[in-house]
Ligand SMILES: CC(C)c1ccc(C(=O)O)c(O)c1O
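Given next, in structure tokens, is a single chain: the form predicted alone.
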Amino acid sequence: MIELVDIAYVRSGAADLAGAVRFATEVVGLEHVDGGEPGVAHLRADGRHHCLAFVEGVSGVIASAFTVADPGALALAETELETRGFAVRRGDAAEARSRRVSEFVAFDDPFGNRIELVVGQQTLARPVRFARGSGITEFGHLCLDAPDITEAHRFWSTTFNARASDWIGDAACLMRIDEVHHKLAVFQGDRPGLCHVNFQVAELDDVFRNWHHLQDHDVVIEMGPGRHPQSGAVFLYFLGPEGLTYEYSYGVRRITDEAAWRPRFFDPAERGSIDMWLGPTQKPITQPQLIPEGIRP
């Protein structure tokens, strides 16, 4: 079994690179880290060099990445995936540099989502220079789409160390790789893609301040403010350029007693199963997965 340590980044194609960066900074509040790389923009939310990278080109998610412990773990992961029948590609030095990692491998999950496993993700020592006071504290989780979440859970829980925290019928499986209730979620969708990226904020007040900020900037709010009964987090989903859905949330549950926790099962048709505050709910808009010819860009 491959041990995932954390989420690393999302890499996304942007037809309008300047517009995507402007939204991510002026609206979301992320820091634009100028890496001097033409056609690539890195956005930062925490100690990582970046958690979101826009690559100029066709709109769509390029890859979702997770960290493993060290080069030895990466080599073992590569072998394990190949043994299981996955075509694995190793990134070259230039590609690793663009991702600000020492090494990485890329493969497609059984549903067509491009996954990258990385080691040596770069840390920046200086504090994050947020573009505005959004209250963001960290890159919280990422969510992928798959046509069958039971099969998706089987893949992530047998190939990797992901554990189901809670289920929302056949609509979603929320999985953890550490104490956080979920760092990875898989939602039911007809095609592969990135359902959303999540950013944790420091205070409940931040969620509501951000809500008003989004309204002031005529941003499409997809869902919220509300509160998920699974993680206990107060949430706010909103749509950015290039079809990328963002989420702010506060107060996510931590599961500290692995032996005692049992996944719960929620009926998505039951009122309150998505939002305890009984607000209107909908599945966030998914950014479709680009079908790569190789591991570039």
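Residue numbers run from 1 along the displayed sequence. These numbers come from a predicted model, not from an experiment.
Form predicted together with the named molecule: not shown, discussed below.
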Original post:
Say the named molecule is put on the shown chain the way it sits in the predicted complex, by superposing the C-alphas near its site; is the site then open or blocked (3+ ligand atoms within 2.4 Å of backbone or C-beta)?
Top reply: open
Original post:
Taking heavy atoms only, is F160 within 4.5 angstroms of the named molecule in the predicted complex?
Top reply: no
**OP:** Would you check, heavy atoms only and a 4.5 Å threshold, whether Y246 touches the named molecule in the predicted complex?
**Re:** no
**OP:** Please run the contact check for I136 against the named molecule in the predicted complex: heavy atoms, 4.5 angstroms, yes or no?
**Re:** no
Original post:
Does F104 reach the named molecule in the predicted complex if we count a contact as any heavy atom within 4.5 Å?
Top reply: no
Original post:
Should the three residues A172, H182 and F187 be counted as contacting the named molecule in the predicted complex, with contact defined as a heavy atom within 4.5 Å for each?
Top reply: yes
**OP:** Could you check which residue among A146, I168, I177, L74 gets a heavy atom within 4.5 Å of the named molecule in the predicted complex?
**Re:** I168
**OP:** Look at the stretches 238-246, 225-233, 51-59, 38-46 and give the one with heavy atoms within 4.5 Å of the named molecule in the predicted complex.
**Re:** 225-233
**OP:** Quick one: name the residues from 109-124 with any non-hydrogen atom within 4.5 angstroms of the named molecule in the predicted complex.
**Re:** none
